[in-house]
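In the block that follows, a single chain appears as structure tokens, in the form predicted alone.
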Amino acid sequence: MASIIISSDSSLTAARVADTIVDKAGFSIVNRGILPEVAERYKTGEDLLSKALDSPSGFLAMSPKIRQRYMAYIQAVTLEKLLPDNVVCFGLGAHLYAKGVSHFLKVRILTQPEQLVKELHPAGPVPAHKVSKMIARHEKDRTRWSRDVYGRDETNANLYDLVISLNQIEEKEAVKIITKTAANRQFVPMTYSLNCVKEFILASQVRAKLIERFPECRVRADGENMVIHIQALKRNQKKYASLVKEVAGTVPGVKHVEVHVITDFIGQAVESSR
């Protein structure tokens, strides 16, 4: 059966739906309970990982490059947890990076506006004339977050296999729809789709190793072979290519590393102007 990846405008709704799927359909769950493992593996703070997931983008917020680094750590571990089937995942941004795998059922759940407002403003009732503005601001913050980190708008329905609004459908019915869809043969794990997950895992592990030193790196796995793109000044290209091969080669499962170095024209221009 499929692995289910849930995205929602409400973290509480996503958690309730995921927990119900686990209880009723026998799925295992992947959620923010993995953050201590991520923090331990990559020698960072759990609070920073949570901030990377939650804090809105903006001038005074965590910079996109720093956020991308922490999300790379989260991504590497999350994909490992998604390798088995019958998993339901939420709260880790997986709907934005677990793409192109046929047995991943990606679901977007839209909660009722009044429920979302209660979550966004737990201190008490919100005046009616402020409700729409509060929801719009929340959606804008999440859209900016997803674009900053992954260049995608998480509110775009095209990212998902299934979009369910809870304005007319009760949560228990939404769970039935999701589990029934997950049981369709289109979402049965096949050798090809499982290999895709393994390649994503390997590429993510390599990128997590490189991203602090090479924040612009792009990594693609072709079986056990890595194709890596980095940026560097001309005078550093050979040295950095060698370093990337050395670091990537330490990741278990990597057999060959191909490095493509793109000239950092902005850095080159700055250096030339000195």
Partner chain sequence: MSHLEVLLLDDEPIVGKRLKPALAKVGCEVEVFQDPVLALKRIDEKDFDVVVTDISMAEVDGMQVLEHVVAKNNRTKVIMITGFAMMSLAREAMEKGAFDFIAKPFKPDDLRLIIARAAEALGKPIDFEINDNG
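Residue numbers count along the first chain shown, from 1. As the structure is a computational prediction, the values presented were derived from the model and not from experiment.
Heads up, the form predicted in complex with its partner chain isn't pictured, but that's what we're talking about next.
Chemist: What is the one choice in Ser102, Asn86, Thr155, Gln112 with a heavy atom within 4.5 Å of its partner chain in the model of the complex?
Modeler: Contact residue from the list: Ser102.
Chemist: Check each of Leu194, Val117, Val163, Ile169 and return the one that places a heavy atom within 4.5 angstroms of its partner chain in the model of the complex.
Modeler: None of the other options qualify; the answer is Leu194.
Chemist: Of these, 87-95, 137-145, 186-194, 117-125, which stretch puts a heavy atom within 4.5 angstroms of its partner chain in the model of the complex?
Modeler: Looking at the other structure, the answer is 186-194.
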